[in-house]
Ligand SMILES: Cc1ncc(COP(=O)(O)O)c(C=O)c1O
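Before any questions on binding or motion, here is one chain by itself as structure tokens, the form predicted alone.
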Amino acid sequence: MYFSLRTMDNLDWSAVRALFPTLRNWVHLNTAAFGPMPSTAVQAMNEHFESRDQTASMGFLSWFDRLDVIRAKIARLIGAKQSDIGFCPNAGTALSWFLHGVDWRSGDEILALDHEFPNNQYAPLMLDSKGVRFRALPGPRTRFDPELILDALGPRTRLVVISAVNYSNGLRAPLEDLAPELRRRGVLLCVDGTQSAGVLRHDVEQTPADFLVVHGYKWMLGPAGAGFFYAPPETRAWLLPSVVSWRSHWNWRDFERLHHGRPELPDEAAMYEGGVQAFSLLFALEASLDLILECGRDAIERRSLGLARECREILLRQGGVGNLDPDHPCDSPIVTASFPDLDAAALRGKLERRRVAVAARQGNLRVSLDFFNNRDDLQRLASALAA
């Protein structure tokens, strides 16, 4: 970090908000669509381009060294090891890398939910040419019981694809109960953590997914095009790369004497990445990641969920209906509600004209609360809804 966000042992949340220029003009309650980037992320990109001009890019290997530092920071965020982390341009790409590396047999089955993010339906459905069956289960509307998935497993179920937090209703998947049981039964698990990484605690030791994909432009507060995936040693033992490039050989850093012939793959997740990476985007993601780590996973989750609870009460008072019961546990930073006789998309547009950024999804107004938000934002939302 280039500054301190702490006064003694306490976080200065006003200093955190000052890092986000968009908050000067907007009530940003839409991180589940696009998270705002802190000024430090833009600064990191500019510094990279300035360095290229000054050095003629002669030290480009140091950029790859810096990527390894970023891998270590991501590993710290999710409780993994540096070698388990690779970079991807988006979650859909990484999901395809995984799906096309599985040795599918005709009759194998993939399970997901009917209201999953389209990535998690489109990609499995495209495997029908290999005889793979895709089955979408009716998704829960209130509480997500792991038995919904476990009871649906069949003898040919090979893979479950699920989001850690559902994009359209905010329901949080019970991964701590689901993941270990799927592993015990020999069923693969691929998790999309795009709607959770950066705001909710996620520990891959407690939720042993076979593959985790995250696009960093939402809760990781980075630019689009910067994402990461988690591939543990158990997965790397059998998953072959779908993309092969000059970096596929273990000794690719010796670029003045590149290896020729069949590559000898390194035992690390980076073997799936392909060639040169989007350095400027990943350096921006690092700056946002530094901010998240500085604030702390526990503090971010606690603050975001506290604001989400208050948001539910506001939507209830304004006539919203849905999963808004204040007595129901609030474990997601995404709050959704419908309003009788009002079109959610039209309501979103009216709020936008009042500089309140929210979203409409599946007929619901969707409000997403992050750690840079505060009670003033919620009061402006309440006033705009009342108006």
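Just count from 1 along the sequence shown to find any residue number. The model shown is predicted, which means the values in this text are computed figures rather than measured ones.
What comes next is about the form predicted together with the named molecule, which is not displayed.
Between the named molecule and the residues R312, R303, R71, K218, the one pair within 4.5 Å by heavy atoms in the predicted bound form involves K218.
For the candidate set S248, Q121, S83, N90, a heavy atom within 4.5 Å of the named molecule in the predicted bound form is found for exactly one residue, namely N90. Although the partner is absent here, T194 is a contact residue: one of its heavy atoms lies within 4.5 angstroms of the named molecule in the predicted bound form. Taking non-hydrogen atoms only, F117 approaches the named molecule to within 4.5 angstroms in the predicted bound form.
Taking the partner from elsewhere, Y167 is found to have a heavy atom lying within 4.5 Å of the named molecule in the predicted bound form. Of the heavy atoms in T207, none are within 4.5 Å of the named molecule in the predicted bound form.
The stretch that touches the named molecule in the predicted bound form, counting heavy atoms within 4.5 Å, is 159-167, out of 126-134, 106-114, 159-167, 254-262.
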